[in-house]
Ligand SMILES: C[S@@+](CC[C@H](N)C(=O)[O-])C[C@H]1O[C@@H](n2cnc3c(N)ncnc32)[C@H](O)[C@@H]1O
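First comes one chain, alone, set out as structure tokens in the form predicted alone.
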Amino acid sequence: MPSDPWREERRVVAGAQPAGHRLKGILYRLRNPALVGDTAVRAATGSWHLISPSEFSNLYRRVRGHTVCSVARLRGLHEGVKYVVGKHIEGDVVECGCARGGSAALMALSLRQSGERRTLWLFDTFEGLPAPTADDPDYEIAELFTGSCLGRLEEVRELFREQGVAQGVRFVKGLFQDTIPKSAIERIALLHIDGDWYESVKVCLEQLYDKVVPGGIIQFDDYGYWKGARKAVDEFLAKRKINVPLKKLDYSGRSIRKASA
């Protein structure tokens, strides 16, 4: 992990925003003591995994330069893959919002490590985050991140080739609203939703939740960071009367296991 925990936030905002806007985004985060504390923990745990001989740490070191996803959330994905494989839960692995591809590559490596072959679907604009909408309660800050988290399609493809896990990966370019409803996905064992904004998370849940098989895992990356993501998750669960507790992975990450039928 970077020694400066705010380096990535400054980097993603810097490309298109004046200095005053960049400072506004940073100060917004610094006002939250829980987030500041979580960032310090991220730095410490990231350092440990640079030298740890564990199975997860070895995979983490291979992808850490291609993701800003926390160690805890990456571990959640790694353990999620092991769980669905170990429990023989059928279905594909799906990631909505892959940025530079690090978290998706970790799942692909985890599948290979488990001796499993499954289709891995990656949905992304591959042009950075789209703009948030008025449905995002923190729109004023969220809009500063439009265009951030950019991973070009060929860059992500190359990562998978370098790691030797390109086989069986389906790259789907475009807005979730346009691409997910048309996808040929039938069953999902593990769904990773990393869409940041209200509309993005909402469409992922509305279109894909029913395809997650009983016992399958759904992990949310932005539940703690972005109010729009949290709003979309809470509204969906309430509307469907889904009373499954959200497992806290870190300040932002949450996961649920879909109840058996």
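Since this is a predicted model, take the numbers as computed values, not measurements. Residue indices: 1-based, along the sequence shown.
The same protein also has a form predicted together with the named molecule, omitted here; what follows describes it.
- The named molecule in the predicted bound form is approached by Val68, whose closest heavy atom lies within 4.5 angstroms of it.
- Contact check for Glu95: a non-hydrogen atom falls within 4.5 Å of the named molecule in the predicted bound form.
- For Ala99, a non-hydrogen atom is located within 4.5 Å of the named molecule in the predicted bound form, even though that partner is not displayed.
- Although the partner is absent here, Gln163 is not a contact residue: none of its heavy atoms lies within 4.5 angstroms of the named molecule in the predicted bound form.
- Just one listed stretch, out of 100 to 108, 114 to 122, 135 to 143, 83 to 91, contacts the named molecule in the predicted bound form at the 4.5 Å heavy atom level, and that stretch is 100 to 108.
- Contact annotation: of the candidates Ile185, Ala72, Leu153, Cys149, the single residue with a non-hydrogen atom within 4.5 angstroms of the named molecule in the predicted bound form is Cys149.
- Interface residues of 105 to 144, taken as those with a heavy atom within 4.5 Å of the named molecule in the predicted bound form (partner not displayed): Asp124, Thr125, Gly128, Leu129, Pro130, in sequence order.
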